[in-house]
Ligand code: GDD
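Only one chain is shown below, in C-alpha cells, and it's the form predicted on its own.
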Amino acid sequence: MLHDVEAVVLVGGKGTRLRPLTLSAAKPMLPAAGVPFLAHLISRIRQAGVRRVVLGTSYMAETFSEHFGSGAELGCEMEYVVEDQPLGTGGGIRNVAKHLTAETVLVFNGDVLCGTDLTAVVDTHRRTEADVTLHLVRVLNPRAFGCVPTDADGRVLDFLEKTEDPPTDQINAGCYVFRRSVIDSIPEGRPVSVERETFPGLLAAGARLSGHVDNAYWRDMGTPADLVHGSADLVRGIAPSAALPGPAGEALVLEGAEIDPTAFVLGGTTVGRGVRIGPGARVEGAMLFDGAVVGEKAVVRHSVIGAGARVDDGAWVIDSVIGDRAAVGAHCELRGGMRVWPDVQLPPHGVRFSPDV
C-alpha cells in the first residue's frame, strides 16, 4: 500500500472540447456513471493506499472544494491549490509543490479514465531508481497520440509528436511518479509543459525516466464521445471504480427516476435523479443528467441529455449532446456529433445538420 506517497491531480482545464457541457461544470465534475468523473479517479487513488490528494484547480475552482470538502467521505485528506493563470501540466505541478510533504508523488491528468495498477507503477519507479516514471499504454492507433519509445530495460528514449509512422504503440497515459526534487526543479510562475519541456530536458540532462507499460483500460475523457463511452464502461464494470453508486450492469438508475415498463434502457446508460423515460422509448449507452425527460418512442443512443433537458415523443438523438434545459421537439432528428446549447428549443419534425445549434 502506498501510505508514503501523495497524489496530485491536475484539474484546471476549461474543457472546451466538451462544450456545452462545461459551460455549467468543470470537466472533472461532469457526471460519469452517476458521480463526478473525478470521484472515480480519487476512489482508485485511495484504494492504492494514498491518503493525501492535492488538486491543482483553476476553472470553476470552487466547485471542487464545495463537492469534496476535506475528502473525509472518500477516506482521504484533500487540499486545493488554485492557479491564477493557466500554467500547463508542468507549471501546474510546480504550483502545488509547497503543499507536498512526501518524497514520492503520483501525478494524474484529471481527464483520464484508467484501470492500471497504481502500486505496480510506483514499484517500477522504485525498482529502477527513476527520477520520473511514466505510465505508458499500448493502443491500436498510436498515430493519434504522441509516442514514447523505451529500451529493453524500460528506460524512456524519446518523446515523439504525432506521426504517420510511429516507431512504437506506447503512448503517454497521463499518470506519472515524480521524485520530489524533480518537481522542485520545474521553473516556477510560468507555463511549462512536462511533455515538451520538462521530460525532454530531463532526458538531455541524463536523468533516469522509466516507462511502466501495460494494456490496462485507458480512455482520454476529453470529448463528448469519450465521456459517453467512458461512462458506459464504468456502468458495465469494464472500467474499474470503487465510486460507482450501484451494481454494475446494463443501466445505472438513480433515485427518483421513472422508467416506463415498456421502455428499453441498456448499453451502460446512466439514468439520473428525477429522470422520466416514456413508453416505448429506447435509450442505449447514454447519459441522462438529473431531471431530463425522454418522451414516448423517442430514441437516444450514445448521447448526453443535459440536466432538465427534454427529448420529445418520437425524436431521435444519436451521437449528440443536448445542453441543460434544451428541448428536442417531437420527431426531430439529431445525428452524428450535433451539439445543442443550453435552453435552445428545437421545433418538432426538424432535422439539424449544423454541428452547433
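Residues carry their position along the shown sequence, with the first being 1. All figures in this text were calculated on a predicted structure; none of them were measured in a lab. Heads up, when I say rigid core I mean the largest set of C-alphas that superpose within 1.5 Å between the two forms.
Beyond the structure shown, there is the form predicted in complex with the ligand, which is absent from this document and is the topic of what follows.
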Contact at A33, V228 and E284 by the ligand in the predicted bound form, all three, heavy atom at most 4.5 Å: no
Answer range among 117-125, 97-105, 139-147, 259-267 for contact with the ligand, defined in the predicted bound form as heavy atoms within 4.5 Å: 139-147
Of G211, G110, G272, P224, the one that lies within 4.5 Å of the ligand in the predicted bound form (heavy atoms): G110
In the predicted bound form, the one of V156, A251, V177, L87 near the ligand [non-hydrogen atom within 4.5 angstroms]: L87
Any non-hydrogen atom of R17 within 4.5 angstroms of the ligand in the predicted bound form: yes
Contact flag, G13 vs the ligand in the predicted bound form, heavy atom cut 4.5 Å: yes
Contact label in the predicted bound form: N172 to the ligand, heavy atom within 4.5 Å: yes
Residue contact check: H40 to the ligand in the predicted bound form, 4.5 Å heavy atom: no
Partner contacts in the predicted bound form for 187-220 (non-hydrogen atom within 4.5 angstroms of the ligand): E195, W218, D220
Rigid core superposed: L160 CA moves 2 Å or more between this form and the one not shown: yes
